[in-house]
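There is one chain below, alone, in structure tokens, taken in the form predicted alone.
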């Protein structure tokens, strides 16, 4: 059974029990766009307790917000009671959630028109805010008054940029003006929330849209300002480290700790960004790998749009790391810190003369350098 078939089964069971049930939000949007649907979210007239009573396998994941996770045929679906939200005193979460009687009331609380459509099991579409027309026009527009939407939840501004980058949509003019007016509200967001949205934007088909987050001032919440940016690489970004390296090109003073990046990703991003600039040749790539490691080398190749160069170097078997030298530190006529220095000299020599990566020749060079330099 596919996820769509399992979702339809949940909707049919809701209807058979006398309740309304609809697929809603991003799954409807992506269905209409012909995109792959990753998550099927549903809304219903049933209360959380009624959903719990109806389905034998479910988890009360968010009862205070009306959400029950229903497990069906190996899939998990969030089923949420029609609701309205009020308050938002913290600029992020509603102060109060109340269950309402109609689908129309539920759709009116949603962020963007393209996410405010509902689809039933027979394919009947409910679109009360012009979402389908905006899909056709490839336009991202708030439901209702944009400033109100963004002052309710500042994260919606980052989501607007992320959706525009993922879908290739233009942000509607009034929505853009509201983002500029409300950007300061992002100060209430956690660095982790900001990081997650920015990374999704960076890894989208149009990662350069991330610059809009800087231009609108949304990232001042974590102390980031646009600087003298280097050209944005026109490439497909394939990993978190490469994504943040690209971000580092736009924000030269970027500190990975501001986004709570893990140490490895942050280190790779900073090192890769620092190496971007001169032409990337095979000889230069060898030295990058020798001095910074394969992870940095692969990230750099991606930024240059030359992933094939890294693949070619790997296939060649050329010595570019200490581990590939034909000898180890135990073979050398030195001890202590001198071992590392001598191995590094030998590696630098082999980068220039690949044919010398042979045990007898390296031992001969080591003996000479020991006498002359160590």
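Bear in mind the structure is a predicted one, so any value in this text is a computation, not a measurement. Numbering follows the first chain given and starts at 1.
Note that the form predicted in complex with adenosine-5'-triphosphate (ATP) isn't included here; everything after this is about it.
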| task | Answer yes or no: in the predicted bound form, does adenosine-5'-triphosphate (ATP) come within 4.5 Å of a heavy atom in every one of 141, 176 and 209? | result | no
| query | Going by a heavy atom distance of 4.5 Å, is residue 284 a contact of adenosine-5'-triphosphate (ATP) in the predicted bound form? | reply | no
| Taking 4.5 angstroms as the cut-off for heavy atoms, does residue 115 touch adenosine-5'-triphosphate (ATP) in the predicted bound form? | yes
| Contact of residue 41 with adenosine-5'-triphosphate (ATP) in the predicted bound form (heavy atom, 4.5 Å) | yes
| With a 4.5 Å heavy atom cut-off, would you call residue 156 a contact of adenosine-5'-triphosphate (ATP) in the predicted bound form? | yes
| said: Just to confirm the contact call: exactly one of 294-302, 121-129, 183-191, 148-156 touches adenosine-5'-triphosphate (ATP) in the predicted bound form at a 4.5 Å heavy atom cutoff, so which is it? | reply: 148-156
| request: Would you mind picking the one in 82, 163, 254, 77 that has a heavy atom within 4.5 Å of adenosine-5'-triphosphate (ATP) in the predicted bound form? | output: 163
| request: Quick one: from 134, 111, 271, 199, grab the residue that has a heavy atom within 4.5 Å of adenosine-5'-triphosphate (ATP) in the predicted bound form. | output: 111
